[in-house]
Every structure is written in C-alpha cells, then in structure tokens.
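Before any questions on binding or motion, here is one chain by itself as structure tokens, the form predicted alone.
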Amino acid sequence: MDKNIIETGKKIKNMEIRGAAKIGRETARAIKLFCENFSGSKKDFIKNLKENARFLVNTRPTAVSLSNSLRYIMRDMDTEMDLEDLRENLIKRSEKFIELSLSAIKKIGEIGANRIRDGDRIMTHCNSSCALSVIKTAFRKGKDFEVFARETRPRYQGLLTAEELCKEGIKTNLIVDSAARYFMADMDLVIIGADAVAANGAVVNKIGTSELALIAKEARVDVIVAAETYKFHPETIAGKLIEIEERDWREVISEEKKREIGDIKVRNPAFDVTPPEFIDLIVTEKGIISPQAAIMILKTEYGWDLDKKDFWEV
C-alpha cells in the first residue's frame, strides 16, 4: 500500500478530510501522487493501483464522490499502454477531476443564487460546499437575507457553516437540530447539499436531512439540493442500494459516561435518505433539474456499461 494513500484514507475515515466534494478531490490528489511517485514494473503498478483504489473506496462507502472520482480517473483506462504513458494519462485525469470539481461548485453557486430573493429566510444543515456556494454567491450579488444553520450533531458541522457565513457578513442564526420545526413556519427556503443522489432522485445526506425535508414539506417550504453531477450514483440505476455508514458511538457519548450508564447500545448513523417527493429541485453544474430527472444525468454522465465491474474490483 502507498503511504500517501494510507494517510489520505485515514483522514477521510476519521473526517479530518470531510465533505463529499473535498473527499473526491483529495482522492484524486492521492492517486495523482501515487502515479507520480511509483517506481517498479507495469504489472506491479496495476496491482498496486487496484489495491490502493479498493482501500480508498472502503473508507467512506456512502460518499459516492470518492468512488466516482476514481471512476472518472480510471474510465476507459488502457492497460495496454506502456507504463509511462499510463501514469501520465492517470495524472492528467486526476488533475482534470480536481479542476472540474472546483469549477462545478462555482457554477452551482451562480445557478442556485438566482433562487434566493431579498428578504428570504433560509435554513440549512451540515456543512456543504455547494450549499454555501449558493448562499454566498447570492449575498455577493447584493441580496439581503438571513440564514438559520442547524448545529448538526454529533460532529457539529453546522457550527462550521455558521462560522463561515458570519465571516462572509451574512446574517446567521445557529439553532439546535430539534428546533427546525419551531422555526420552519418563518422560512422561505431550505438549501442543503448531498453526499449521493440515487437514480430515482432520492438524496443521501447528513443524518437529519430527511427529517428537515419532511418538516419543510409540512410547512410548504421549498427544499433545494445543491450537488455536483459526480455525486449521482450510477449503480442505483440497476437497483443497488446506497450503503449507509454507521460511525463510532464515541462520537455521541464518552467511554466514561457509557460505563457509568451500564448496558446501553449507542447508535450513530451518519446519513439518511430523503425521498424525491420531499425535494423540489436539484441544482447541478449542468443546470436545475427535478429529482425525477436524476436518471437522465446518470445516463448522460455515466453511460458506461453498468454490468461491467469497476477497475479495482476485477
């Protein structure tokens, strides 16, 4: 195993590297460094590339941005090339993915900002670079609005969002997760990100998102999802379910407190699934779509043979 790959994988797993977009870019950077630093035969290169890719995929199974970054880099890879050409090709595709990821966030911000009006009150959840891009872009265009950021326990990513918005100069409120329904009647929009989007338009995102979308639907508040197309999950076309990661219970309660309580089981799912009927629209770098149009994005962007196994699985 490559040392840099192991280090990147550990940081992704323990959430030092977090956020679906950043996970995808850091995965691409790790593969780029592996290709640049490898010394050995072509046979060993291919073997090591598979092992390293498999290791990375298993660090955060719910974050499809990770596996899709690898799919983008390794799509149509010609293993008949000589080693130097193969390495160069993979390095260029890694760099291209990083470039596309960064430009996608900017484009989503520009498109999504048009949905925000002066005087709007917006609720958000977790710490999404795409959702933040939409909100910040609208503010930079001179729009006057107010944001309510849920704290997003147990890791408090919503606090990071609140800090970032405050630094931008945006009127921001930090609220406890359970206060969403209390404030929802006064909201105009809910803007969230996504870790994965299924073929039927269902959205996998930080735990609590589906609850928030349900509360918004009850209050007739529009829910906008901001997500790059590389978060759309191609294998769901064939009916594969997106694996929902359950994280360590120590994120919720200390070992000392657990011992003090006694025989208690602590559950800590990191994500949940929001049905498409609770989502009004999805903002991508390609434009705005309805959740039901997700399958068209998948067929356009990921039109490879779905029966064909990924490179690292062969």
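Given the structure is predicted, the values throughout are model-derived calculations rather than measurements. Throughout, we count residues from 1 along the sequence that is shown.
Separately, the form predicted together with another copy of the chain exists; it is not shown, and the next lines address it.
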- Do residue 46 and another copy of the chain share at least one heavy atom pair within 4.5 Å in the predicted bound form? no
- Message: Since only the chain is shown here, I'm wondering whether residue 257 would be in contact with another copy of the chain in the predicted bound form (any heavy atom pair within 4.5 Å).
- Response: yes
- So, in the predicted bound form, is residue 12 in contact with another copy of the chain at a 4.5 angstroms heavy atom limit? no
- in the predicted bound form, residue 140 touching another copy of the chain (heavy atom, 4.5 Å): no
- Message: Counting any non-hydrogen atom inside 4.5 Å, which residue from 88, 144, 95, 177 sits next to another copy of the chain in the predicted bound form?
- Response: 177
- Message: I need to confirm a contact call. Of 83, 102, 77, 244, which residue comes within 4.5 Å of another copy of the chain in the predicted bound form, counting heavy atoms only?
- Response: 244
- Item | Partner-proximal stretch of 34-42, 66-74, 280-288, 48-56 relative to another copy of the chain in the predicted bound form, 4.5 angstroms, heavy atom | 280-288
- Query: Across 81-114, which residues bring a heavy atom to within 4.5 Å of another copy of the chain in the predicted bound form?
  - Reply: 107, 111, 114
